[in-house]
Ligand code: ADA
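One chain comes next, on its own, written as structure tokens: the form predicted on its own.
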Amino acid sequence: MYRLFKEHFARNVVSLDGIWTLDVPKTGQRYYAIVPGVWEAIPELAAFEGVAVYSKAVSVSKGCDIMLRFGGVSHTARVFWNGDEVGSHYNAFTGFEVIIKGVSSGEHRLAVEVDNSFGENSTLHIPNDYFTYGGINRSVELHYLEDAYIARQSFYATENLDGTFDAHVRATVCALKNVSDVQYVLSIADKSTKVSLNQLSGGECREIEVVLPSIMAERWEVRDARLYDLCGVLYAGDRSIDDLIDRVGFRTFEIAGEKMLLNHKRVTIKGFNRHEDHGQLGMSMDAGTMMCDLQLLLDMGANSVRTCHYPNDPLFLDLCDELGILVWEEHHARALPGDILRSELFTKQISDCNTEMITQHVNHPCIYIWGILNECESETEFGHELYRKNFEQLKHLDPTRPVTFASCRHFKDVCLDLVDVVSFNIYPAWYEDVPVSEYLDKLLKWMDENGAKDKPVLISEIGAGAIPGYHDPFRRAKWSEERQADILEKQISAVLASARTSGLYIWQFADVRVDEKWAMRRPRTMNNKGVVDEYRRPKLAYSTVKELYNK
């Protein structure tokens, strides 16, 4: 399942999810693998790193042009159609498309060479404090295309003085062949409009900007979400040749001095950092498993999720749209070393990630802020220029949302002037043996003197570790569930009591697998700071968070 709703009625779309063959050239072995999924679910491949090839027979019902849509491949893909390479992509956490022209009816062979290894061609996927799985980790679809199609639609809303909204839409229409008498019809809520494009030439893409004014719409609120279908239909003469439907929400999000306002009301973030990882499923979870995660988060009183440290599956964002959960989404970069940050390849790969993240996810009303470059060189002049360029790109792609980054450069960060919201990762009482309130007050004072004054402040990470099932009720030693609960009680209470902060994101929701190179710092080769374990079994801290977040 790619989305929670039907994106097309005029366009014929066929899911290619299911059983694929999986060949490992290194060993000569063949397996059967589920798509979407990760190959680590196969016992013999639980620790495999390298190249493997997914393949399946694909039946095409008529001669036409087609599009192959991949939700995600981890982390590098080369796509082959009947043995010919037709496309490639890097990065596990954003989707991509491959168009193949003049496909005949009948059976064809689709193969995807997947590589999850680290090396000189990968700057975003490196040995890290989370695991790089291998496989086709998100859904695959086959789209039948006519002479022209709607490539994308981006939406945002502005509020009028009378409480109505204007809907602003930018659509991109692409022609595969010469086509005449082309019309684009857009509708949302009780409004619609028609734009005549006349003649399109094969290979041409044309952008359309439309404003639908004075829409009477119910607002998208936290835990009270109202969604609307944004419907674009493409006509050639009187024949509909393509369509694209997305779900959007009408809401405002503003920065007012030190406050964040959703629909003109102050919002305090009570959130969790969440990795796409599960003890049995790895990074590839179905909608039901995602929904279970969100039900646990809601039960604890959370109202927000930070997608550390990469763009999340559109299915997860759809669920957050439905449930009214605010999302901080960020691109794929975590604590990267300086030689990578300074490389030309990194510049290209992170730029591609920025573009794909925003163009693919911009319509989700749950996303209220974009984040970049978690814990990178924000204390240096080079870092300031790096952050500036990335923020500039994000603002160009989406000028409607605020931007931030999670810093760990305590008392030396030089990039706070670049952000709309200041965010810091802190671990008092865990990594720093200092009272939480004392450390927080000291850091907040320094921030206000160094670029944070009159800006909202979020604590983007805070937490402590506990090995599941390890109890020490008397000493309450580190790594015991008791110590984790004690520390989280102090941390959450201090942050929520501070008038200067706009909330926090606990690190983290669930324990996650880490790369072997982190094993000496991470018992079980896991990041054990979850309030539930990797199978979602609650630790003692679950009840602590639930009590404090629900106050």
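All values reported here derive from a predicted model rather than from experimental measurement. Residue indices: 1-based, along the sequence shown.
The same protein has a further form, the form predicted together with this ligand, not shown here; the description that follows concerns it.
- The shortest heavy atom separation between residue 507 and this ligand in the model of the complex is within 4.5 Å.
- Using a 4.5 Å cutoff between non-hydrogen atoms, residue 379 does not count as a contact of this ligand in the model of the complex.
- In the model of the complex, at least one heavy atom of residue 374 sits within 4.5 Å of a heavy atom of this ligand.
- Within this chain, residue 522 lines the site of this ligand in the model of the complex, having a heavy atom no more than 4.5 Å away.
- In plain terms, the part of the chain that comes close to this ligand in the model of the complex, with a heavy atom within 4.5 Å, is 524 to 532 out of 524 to 532, 18 to 26, 5 to 13, 539 to 547.
- For the candidate set 243, 472, 299, 129, a heavy atom within 4.5 Å of this ligand in the model of the complex is found for exactly one residue, namely 129.
- The listed set 480, 122, 425, 363 contains one residue whose heavy atoms approach this ligand in the model of the complex to within 4.5 Å, identified as 425.
- Scanning 240 to 262 for heavy atoms within 4.5 Å of this ligand in the model of the complex gives no residues at all.
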